[in-house]
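Here you get one chain, nothing else, as structure tokens; it is the form predicted on its own.
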Amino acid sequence: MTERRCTDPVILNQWHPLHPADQMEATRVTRTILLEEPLCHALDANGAPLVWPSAGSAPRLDGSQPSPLPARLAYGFLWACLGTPPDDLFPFPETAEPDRRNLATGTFGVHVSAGRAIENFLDMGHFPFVHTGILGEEPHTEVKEYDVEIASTRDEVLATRCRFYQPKAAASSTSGAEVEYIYRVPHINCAILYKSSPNDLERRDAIALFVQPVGPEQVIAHTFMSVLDNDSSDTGIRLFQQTIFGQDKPILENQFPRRLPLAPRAETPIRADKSSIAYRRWLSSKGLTYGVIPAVAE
């Protein structure tokens, strides 16, 4: 068995995103890094995904590549695992609805831990100050009371009744509105946000952040949208999401420490941090050690 630089089974035995599926071409080999391990990936001539360790070897697609890794295509991305993956990836049923547009909207390298990236995604308190004129603006700065639970039957963190005033909540928005959010964290490094759709009052747009941990303090953040929008162009939807993440990136890279502390009192909590507190507790209960500062037993 190949010795891994990362030895934490909690993160090794997970599916991890590597690349947008719509940017892959048959037989074209691409290199990347997952958990400090150099990898190659490609589609074979039949469109099936292939992922294999690439350290010290030239990429090849003749069936002789050593130690192929578990790989699959799902939710617009190629996923792989360095250990023993779960049988199924987390559920994301909205992506199968025929009237939705599913788009990979951007890939960003960020010098921060995966947990910090997810935590920032869950934080509504920064909207008026970081995403001014889009996801928030003064004087609408209050984070209203909302509910958070760690859903044991689904093994995920769920935040509901989240509401926030936004001047431009989506690419197709024409005016400001109070937007209702639901946050799901169904994977230690992936989160999905459901928000009111300006185009369908009965359903929600879905925005996902799929984080690829390159190392304990470096990630590739993949963004994805499943939207009820037949008016905006693909370019317009992608530009909207890339603008948002471009504003988040310098904030993320100035986090200290870069690894996510899991101790309950490591950082001062406020109401806006309820989701973060639940997320940290959930990670701690799993025994995660990679890319975090574990809580020390008192």
Partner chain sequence: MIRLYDYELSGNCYKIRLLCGFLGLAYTSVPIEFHPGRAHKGADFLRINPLGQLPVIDDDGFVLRDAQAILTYLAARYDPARTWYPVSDARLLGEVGQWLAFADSITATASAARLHDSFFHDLDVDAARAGAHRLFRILDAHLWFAEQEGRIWLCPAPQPTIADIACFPYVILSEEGGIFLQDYPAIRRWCDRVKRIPGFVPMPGVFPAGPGLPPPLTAGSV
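Numbering follows the first chain given and starts at 1. Bear in mind the structure is a predicted one, so any value in this text is a computation, not a measurement.
Keep in mind that the form predicted together with the partner chain is not shown, yet the notes after this line are about it.
Among L82, I220, V148, I188, the residue placing a heavy atom within 4.5 Å of the partner chain in the predicted complex is I220. Heavy atoms within 4.5 Å of the partner chain in the predicted complex are found in one stretch of 73 to 81, 192 to 200, 105 to 113, 87 to 95, which is 105 to 113. Proximity to the partner chain in the predicted complex holds for none of R204, R281 and S284, with the criterion being a heavy atom within 4.5 Å. Put simply, N254 is close to the partner chain in the predicted complex: some heavy atom of it is within 4.5 Å. Although the partner is absent here, Q242 sits close enough that one of its heavy atoms falls within 4.5 Å of the partner chain in the predicted complex.
When contacts are judged by a 4.5 Å heavy atom cut-off, R258 counts as touching the partner chain in the predicted complex. The partner chain is not drawn, but in the predicted complex it has no heavy atom within 4.5 Å of S232.
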